[in-house]
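In structure tokens, the next block holds one chain alone, the form predicted on its own.
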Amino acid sequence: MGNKIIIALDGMSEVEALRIAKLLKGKVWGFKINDLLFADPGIIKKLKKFGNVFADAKLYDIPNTVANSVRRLSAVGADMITVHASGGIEMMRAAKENAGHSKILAVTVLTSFKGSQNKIVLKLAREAEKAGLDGIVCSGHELKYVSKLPLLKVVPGIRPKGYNRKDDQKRTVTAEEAVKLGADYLVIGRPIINSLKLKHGK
């Protein structure tokens, strides 16, 4: 399952992120970065030594501005880049047209939202397909509703069975459940990061 796993390197220093990436080199698909992009987009090149890079930029702006941002992220090596599906088909299409080698994914509804999001996720996923995007980001709860769409499904909010730490992820599933429901990639952060810290220290 390692080739499906993307490690979320959120809320940490660049030094810590690179240390974790080095530990996991060859064991996972790659690494997701968000806040680290704002500190230094060059982190993408540094992480590429250890695996693929998912630039979770969640871009949302007028089409031209999003196109410019996508070009920059692609140029420094991002393998996947996110935009907000709610930005509309024109914006998403501009992102895809300027993606170079990068895959563009549409973020549907954040996993921090409670309750059923099936209808809105399906609507946004269909718009992402119309825009020619490569995939979507959605929780495991919506996978069966978008399973027939020819898009990559990237699923955050992955928690192991019995995981009882409270955090901001609301619509969660286990890795096994997500894969069974059709996830192509699993974004996992805190459960793996916390385990590594216990094993290898801070």
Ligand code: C5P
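All values reported here derive from a predicted model rather than from experimental measurement. Start at 1 with the first residue shown and count on from there.
We do not show the form predicted together with the ligand, though everything after this point is about it.
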Legend entry - in the model of the complex, T111 touching the ligand (heavy atom, 4.5 Å): yes
Inset, instruction - Please check if V53 has a heavy atom lying within 4.5 Å of any heavy atom of the ligand in the model of the complex. - result: no
Inset, instruction - Would you check, heavy atoms only and a 4.5 Å threshold, whether K153 touches the ligand in the model of the complex? - result: no
Legend entry - E14: touches the ligand in the model of the complex, heavy atom cutoff 4.5 angstroms: no
Legend entry - Answer option from V121, M80, A131, V107, heavy atom within 4.5 Å of the ligand in the model of the complex: V107
Inset, instruction - Please determine, with the chain shown alone, which of 40-48, 22-30, 53-61, 144-152 has non-hydrogen atoms within 4.5 Å of the ligand in the model of the complex. - result: 53-61
